[in-house]
Structures are given as C-alpha cells and as structure tokens.
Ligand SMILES: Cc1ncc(COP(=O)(O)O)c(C=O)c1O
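Before any questions on how it binds or moves, here is one chain, the form predicted alone, in structure tokens.
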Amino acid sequence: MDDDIYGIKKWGDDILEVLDNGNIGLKNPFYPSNPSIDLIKIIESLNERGISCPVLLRITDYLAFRIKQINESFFKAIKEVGYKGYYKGVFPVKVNQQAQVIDRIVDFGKEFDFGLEVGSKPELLIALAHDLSSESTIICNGIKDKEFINLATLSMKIGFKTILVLESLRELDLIIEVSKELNVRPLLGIRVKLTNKVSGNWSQSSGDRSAFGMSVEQIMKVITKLKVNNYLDCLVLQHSHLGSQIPDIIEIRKATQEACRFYSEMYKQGAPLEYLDLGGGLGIDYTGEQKSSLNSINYSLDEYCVNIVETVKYELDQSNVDHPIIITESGRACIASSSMLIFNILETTNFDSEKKTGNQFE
C-alpha cells in the first residue's frame, strides 16, 4: 500500500524499499538478498551521538555500486556490439568538490581507470592531489589562463595523463608558448559545438548557441595552426558535450551521431585522435515515470550505453575510422543516489476535516 502511494519501486532504483513497519529501508546493492537497514534506526543512532537533523547522509556502497554499474554496462555494450575500442569514464569535479566524495570516487574507480574532469585551477589541484591509476585521464575543460596551462603541462612530467581541451584559438597560442618553454609536448583535445539541441532543464547548454565549444570555421583554424606549428600529432581527443539530464534516448543517438561525424572529418585531416569524449547527458528517473519529461528519462543505463556504443561503431565503420576510446562525464548519474538530505517534520497540515457535516452519509 505504501509503495502504491509513494511509488518507491518506480524511482527507488532497487536501493530503497518500504519495510513491514512502514519505515524506509536501505538495501545493499552488492548483497540484495541481505535484510534492508531501517532508516529510522540510523537516525536514532545519530541522535544518541548528539547528531540531530537536518543531516546529509552519504552511503558509500551506493557510490561504489553506481561507478561499477556504469563501467560494467559500457563493458557489456562493447562486447555485445563488437566494438574494437574501450571505455573510460571521468567524474566532473564541479559536481561535488568535497574531499570525502572525490577520495572515494578515485578509490572506487581505480580498477576501471576512472578519471576526473576539471574546469579550473583549484579543481585541477584537487585532481593532482589524488593517486589516479596510470591509465586514467584528467580532462581539462573551461577557460584557461597561462598559469592553468603551465600546471597542466607540468603534471605530465610526473606521470599524469592530462589532456588540455581547447576552447579557443587564444588558448592554443598559450599552450604552444608554454609547451615550448617547458619543452613538453602536450596532450590536446578540442571542444566541438554540436548543432543538435536536446530537451530538458539544461537544454541551453546544448546546440550551436551554447556558450562552449568551437564552430566548424574555428576548428579548421585550429587544425591549420597545429599543422603550421608541428603540433597536430598532439591532438588526441575530441570533446562534444551532449547535454545534461537528457530525457530522450533518440536525442542521445542524434547528438552522438553528429559528434562522430566531426571526429571522422578531423581524423581525415590528419589528427591522430584516440579519445571521443561525449560529455554528460546520462539522466536519472527522479519521478519513476520512465518517459521523456523534465524529471524523468525514457531509457535504462544499459540502453544508454548500447545506444552510444552502437552509434559510434556504425558511424566510424561507415567512415573507415578506427574505434576510439569512449569517454563520458557522468556527474549526477554517478553520485545522486549516494546521498540523501534528512530533516525533521515540524508540523503537518491536514486538509481532510474530521467533522462530519450535512447529509454526507444519508
């Protein structure tokens, strides 16, 4: 009955359930047959230790399971589709910069070569302070000054695989200047502005009117300048942000398709691309509607992975281009389920009158 009212089975992602006593139960995703933990008992235990609501409860098993789930879903899709490349995820530090969160993401993601995405100097310092696996990447997005570029370039000397994603021609001039000063060949990416616009709450971050990324004309200028300066061999990554919390799987396929066509053309221009970074987009079904709407999605995690891998394989096979390493930057989909805000209910309002009036029962 409680599940009929609140619909936990629809939006609870198999980690929450209603217990026989009516309380919320937290399930262990690694051991689903184990008894659920009563959330009220956790709150009572916190109260005994002098910790009162509101509290933000973080559940590390949920974070570890989600990282494992995303990686294994991509691995499964790659095997099913016959894709010849592989997958490496990165976590966008801007989504949650707290030390205890980043520490655990790095720890849980190490077996999958899970990396980090940064968009500022402070975020880059956070990434460089962690013991990432030797094959994981640090993706540097955002507007960059000389100090940012200098720090990222120097990090390669101590073993980090740090990729500077170009946002403008100005950045390219700075990178060439810094790399010559430090005598280090950089790893470069280029951010491509896709014309496909997705729906949802963050639709303005997609499409050819979005704030970030380069147009076709700008991309050609970058490639020409890289050739002239003998730096084209440094261009190893294409970054195309599909969007955020994308509700419709068809939009994901279309945006991936367009990104692949840019990738193929740059590859044919002589860029030795190895990575295709498709940015964010993987959504969460907050309402359990399972449809394309502002707070829901019409696809599962497995469907998301298969659609991306299948589209990349088909498009690049058509262009006779080698399959790249696929990168995604799933932020909310990675950590949203691992934390919950718990607060006291101070008062309730009942709109149903207990007093019987008139001839209601006649």
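Note that residue numbering follows the sequence shown and begins at 1. Quick caveat, the model's predicted, so the values are computed rather than measured.
Only in words, not in the display: the form predicted in complex with the ligand, which the text now covers.
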Quiz item: At 4.5 angstroms, heavy atoms only, are Gly85, Val321 and Pro324 all close to the ligand in the predicted complex?
Solution: no
Quiz item: 219 to 227, 98 to 106, 276 to 284, 251 to 259: which one contacts the ligand in the predicted complex at 4.5 Å, heavy atom to heavy atom?
Solution: 276 to 284
Quiz item: in the predicted complex, which of the listed residues (Lys121, Lys161, Arg191, His130) lies with a heavy atom within 4.5 Å of the ligand?
Solution: Arg191
Quiz item: Hey, in the predicted complex, is Ser296 touching the ligand, heavy atoms inside 4.5 Å?
Solution: no
Quiz prompt | Partner proximity in the predicted complex: Arg58 to the ligand, non-hydrogen atom cutoff 4.5 Å | solution = no
Quiz item: Taking heavy atoms and a 4.5 Å cut-off, does Ser330 contact the ligand in the predicted complex?
Solution: yes
Exercise. Answer yes if any heavy atom of Pro92 is within 4.5 Å of a heavy atom of the ligand in the predicted complex; otherwise answer no.
Key: yes
Quiz item: Can you name the residues of 110 to 148 that have a non-hydrogen atom within 4.5 angstroms of the ligand in the predicted complex?
Solution: Glu117, Asn141
